[in-house]
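Quick setup: one chain, the form predicted alone, written in structure tokens, and binding and motion questions come after.
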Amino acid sequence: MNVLISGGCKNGKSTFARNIALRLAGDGKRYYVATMIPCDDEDRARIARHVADRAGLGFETLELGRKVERCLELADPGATFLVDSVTALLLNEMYPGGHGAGVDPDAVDRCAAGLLKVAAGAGNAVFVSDYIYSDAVRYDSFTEKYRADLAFVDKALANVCDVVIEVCAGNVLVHKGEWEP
């Protein structure tokens, strides 16, 4: 089963996704695919919280800030994979030389293709993304492109996922498929 979870930043998506991954994995193998490449103390603190939150739950962590499909080569592909997050992965793919480098114009296609490979090859996959593309505010051209690219990647994932869920202010909205908490 493939599940996409989206919603606002810091809305409980990761905790919700972790619980879904645990349920899907049962007694089976589970992997946490960590995509964030930390840039500052806030990123490092967020990573530390996520590590603490999943301590003792049997997740093996695979740190893959780019080329997420490698998780299928590094782990048992029949297992359950929790990919957190699509948002960070896309940003990393956009800047393969780091945040001071130029934007890679092929990043969105590469990111979507890698995630679709995970969806097709994993026993179960749970993807976490941020719903940042419906805001009415207009941003600079880079941010608008990033938002459009993330919407493209999320739409590609939504098309192949069995379940699509939005987490908003603690509310769970199922947009596709069926899921009972």
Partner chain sequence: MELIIGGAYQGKREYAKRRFSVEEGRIFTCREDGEIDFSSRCIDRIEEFTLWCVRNDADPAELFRAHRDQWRGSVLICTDIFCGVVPLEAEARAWREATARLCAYLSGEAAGVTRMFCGLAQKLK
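It should be emphasised that the depicted structure is a prediction, and the values quoted were computed from it without experimental measurement. Positions refer to the first chain, counted from 1.
The following text describes the form predicted in complex with its partner chain, which does not appear among the structures shown.
Only one of the listed residues (63, 53, 144, 40) places a non-hydrogen atom within 4.5 angstroms of its partner chain in the predicted complex, and that residue is 144. Although the partner is absent here, residue 49 lies well away from its partner chain in the predicted complex, with no heavy atom inside 4.5 Å. Put simply, residue 131 is close to its partner chain in the predicted complex: some heavy atom of it is within 4.5 Å. Under a 4.5 angstroms non-hydrogen atom cutoff, its partner chain in the predicted complex has residue 158 among its neighbouring residues. Though the partner is left out of this view, residue 151 does reach within 4.5 Å of its partner chain in the predicted complex, counting heavy atoms only.
Contact with its partner chain, judged by heavy atoms within 4.5 Å in the predicted complex, is confined among 136 to 144, 25 to 33, 110 to 118, 54 to 62 to 136 to 144. Taking its partner chain as positioned in the predicted complex, the only residue of 5 to 30 that brings a heavy atom within 4.5 Å of it is 6.
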